[in-house]
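Just the one chain here, the form predicted alone, laid out as structure tokens.
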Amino acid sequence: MKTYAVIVAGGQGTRMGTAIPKQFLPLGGRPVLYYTIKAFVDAVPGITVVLVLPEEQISYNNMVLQHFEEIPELIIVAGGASRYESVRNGLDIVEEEDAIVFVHDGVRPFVSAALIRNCMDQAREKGSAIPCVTVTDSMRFCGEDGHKAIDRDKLRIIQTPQTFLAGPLLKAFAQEYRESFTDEASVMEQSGGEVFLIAGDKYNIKITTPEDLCIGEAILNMTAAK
């Protein structure tokens, strides 16, 4: 069965306060995006990696590839004005309706091989796999009339790679864009498709702030010490 990893890396680095986009910032001496790409290449031999970048950042890709001993085969696609458009542009590469498609944030460099394979196995069986982790903090809902506590046991934090059989995913992304499309699961649900959750990984963090980079360095050092 053919597999694709559509890696969306469209950040501008505004929250980082840097001129270099966050996906290209150094982490352990290598760009963040290097670890993200390598995770899928190592976990699923033969996978087709579709890297979606803003057009003005495509040249940055060279700084990522130079860190690989064996340069992986990448298909580079220009992104769109929104995440929805960027993912749809990446999905244009997918031709086989029975393929497995991962859609992953470029700035989640610590996605494990186990999570990738678990998502792939569940997507084969059920059609989708949306990784999530439980909420450990107390939560409140804030509205116009004030705020109130809500049951955190019923809440989940959603991660990527959101993983699907290609046929239903391609159909879902043929519909018109809506502001309610916050991720691929919401696009799938709007098209009438069902999505299934799967246990995520607490280390599968999204790097968007300078503090996240510090946490990332700690995770990198911890895994290297194992």
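Bear in mind that the values here come from a model prediction, so they are computed numbers and not experimental data. The first residue of the shown sequence is 1; numbering continues from there.
One more form of this protein, predicted in complex with another copy of the chain, exists but is not displayed; see below.
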When the contact criterion is heavy atoms within 4.5 Å, does Ile158 count as touching another copy of the chain in the predicted bound form? yes
Taking heavy atoms only, is Ile150 within 4.5 angstroms of another copy of the chain in the predicted bound form? yes
Does another copy of the chain come within 4.5 Å of any heavy atom of Met222 in the predicted bound form? yes
Would Ala114 count as a contact of another copy of the chain in the predicted bound form, using a 4.5 angstroms cut-off between non-hydrogen atoms? no
In the predicted bound form, which of 34-42, 47-55, 176-184, 60-68 comes within 4.5 Å of another copy of the chain (heavy atoms)? 176-184
Select from the listed residues Ala78, Val135, Ile93, Leu74 the one whose heavy atoms reach within 4.5 Å of another copy of the chain in the predicted bound form. Val135
Within 4.5 Å of another copy of the chain in the predicted bound form: residues from 203-219 (heavy atom criterion): Tyr203, Lys206, Thr208, Thr209, Glu211, Asp212, Cys214, Ile215, Ala218, Ile219
